[in-house]
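This document starts with two versions of one protein chain, written out as structure tokens and named structure 1 and structure 2.
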Structure 1
Amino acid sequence: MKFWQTLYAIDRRVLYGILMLLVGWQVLKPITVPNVTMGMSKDLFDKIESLNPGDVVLIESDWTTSTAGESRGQFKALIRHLMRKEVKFVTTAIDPLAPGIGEIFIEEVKREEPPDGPRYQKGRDYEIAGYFPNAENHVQAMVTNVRKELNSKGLANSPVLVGISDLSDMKAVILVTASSSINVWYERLRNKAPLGLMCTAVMAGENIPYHASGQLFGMTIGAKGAFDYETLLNEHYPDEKYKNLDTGSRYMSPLFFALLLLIVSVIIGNIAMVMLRKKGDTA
């Protein structure tokens, strides 16, 4: 009886201590296993892989530091892929902090790429259009007159927009987001361009049906999605001059053990509660 009472009333500080030990161990000595990529992650990767040099995509980057653990890895993997394919891109955002954060990591990726690769320049190969304060108006304006909307940010004569007179001239619209901004695109896109999504894990359930129905050409989910994309980059660009594996792969092992501890703790706690109730020692 005392054994079950001890398990039922275990001090949360003990659990935090175990969590710190497990995560620290996996950060320093991670256990690596082969990754089985999800089909929806591969669909998104394959779409980008099919693009040609000079094609243009739109990235709405709405994530900030609050979801960097999931979104940063996805965003950086996407930018690496676009640069290697020599695809031009324009980023927009409906969060005022997002443009600056996105630019930081675009610059990081530019420094990672090998000297003999394409040297991406802002204004020539990509543009950061910045913050648009109203999601509904922004998406509607992009669908109705993409040049006019981007010209409001001074991009009228940008080389990136050469040949772009309508959103349908862009090869894809990809959202990297931790918010419901994707819903506005579902409502207003009108099939002008293929739509892809990189989202946080908590958003997966509500968006997977859109991939199943074909409204999303591909989708990556949370840190696992980042790991999937990095794995696919590593398979397609195995040359050591490329940096493919980053936060997505580094986070998997610590995350696994943290979630394992959570699951085991819940199971043990419930078993202890059932045993004590049988003995009449708990309500």
Structure 2
Amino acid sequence: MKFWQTLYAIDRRVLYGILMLLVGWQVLKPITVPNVTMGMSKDLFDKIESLNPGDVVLIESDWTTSTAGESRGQFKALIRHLMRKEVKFVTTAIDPLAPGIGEIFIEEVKREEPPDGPRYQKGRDYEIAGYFPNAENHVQAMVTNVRKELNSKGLANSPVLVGISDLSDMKAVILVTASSSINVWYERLRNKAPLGLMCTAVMAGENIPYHASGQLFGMTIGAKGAFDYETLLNEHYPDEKYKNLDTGSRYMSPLFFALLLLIVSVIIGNIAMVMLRKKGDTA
């Protein structure tokens, strides 16, 4: 009786402690296993892989460090891929924190890419258009007059935007996001450019229908999506000089043990409830 009672009411700090120990152990000594990539991650990868040097894509980078665990891996993998394909890009954001974060990690990728690869320069190969507060009107303006919207941020003479007079001149629009900003694009894009999504796992359920309907050409989901993208990069760029694995792969085994703890604790809670009931205790 006492036993089940204890299991029924484990102190939350004990659970927290176990979670910290499990995650800490796995962060230090991760178990690496081969990946099975998801179809929708591959769709996204293949689209980028099919781009030509000099093409321009738009990245709306709306994630902040509050979801860094998932979004950072995705964002860095995407930027890595674009740099290797020598595709130019412009980033925008609807979160005040996001543009600076995007810049930090673009710089990080620039340092990590092999020195003999393309050396990306801000203002020549990519631009950071910064923060736009009203998402709905901003996206509407991007769709109807992309030049005017970006020119107001001082990009009028940018070499990145040469040859771009309309959003349809961009080869893709990719959102790296942790918020519902993607909905604004579904509603306003008017088929001007293919839309891709790199979202947090929370958003997966509600956005998969848009991949099914073809409104998204591809999507990656959370840390698994980042791992998928890193795996695909590894397959396509096997050369030793590329450092292709990042946090996406690293976080997989701690995640497994954290989820295992969750499942086990829910099962224990349920069994304890049943046992206590059987013995007539009001649980």
Partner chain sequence: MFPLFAQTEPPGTNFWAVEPRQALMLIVGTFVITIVLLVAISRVPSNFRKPITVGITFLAGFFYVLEWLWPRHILANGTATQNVLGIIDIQEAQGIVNDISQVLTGFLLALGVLSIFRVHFGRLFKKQKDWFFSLVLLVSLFSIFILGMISFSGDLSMESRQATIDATLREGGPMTADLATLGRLGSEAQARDLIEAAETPIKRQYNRREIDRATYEAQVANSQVIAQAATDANEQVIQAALDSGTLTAEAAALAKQGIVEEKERTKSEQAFQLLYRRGLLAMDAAMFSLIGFFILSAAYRAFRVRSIEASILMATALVVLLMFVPIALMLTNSLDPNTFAGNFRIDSIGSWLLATINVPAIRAIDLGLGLGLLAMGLRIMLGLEKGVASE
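Superpose the two forms; the largest set of C-alphas matching within 1.5 Å is the rigid core. All residue numbers here refer to structure 1's sequence, counted from 1. Owing to the predicted nature of the structure, the values given are computational and were not obtained by experimental measurement.
- Taken from the structure described as the form predicted in complex with its partner chain is structure 2, whereas structure 1 is drawn from elsewhere.
- With the core held fixed, the Cα of I263 is displaced between the two structures by less than 2 Å.
- Relative to the superposed core, V274 undergoes a C-alpha shift smaller than 2 Å between the two structures.
- On rigid-core superposition between the two structures, the C-alpha of L15 is found to move 2.5 angstrom.
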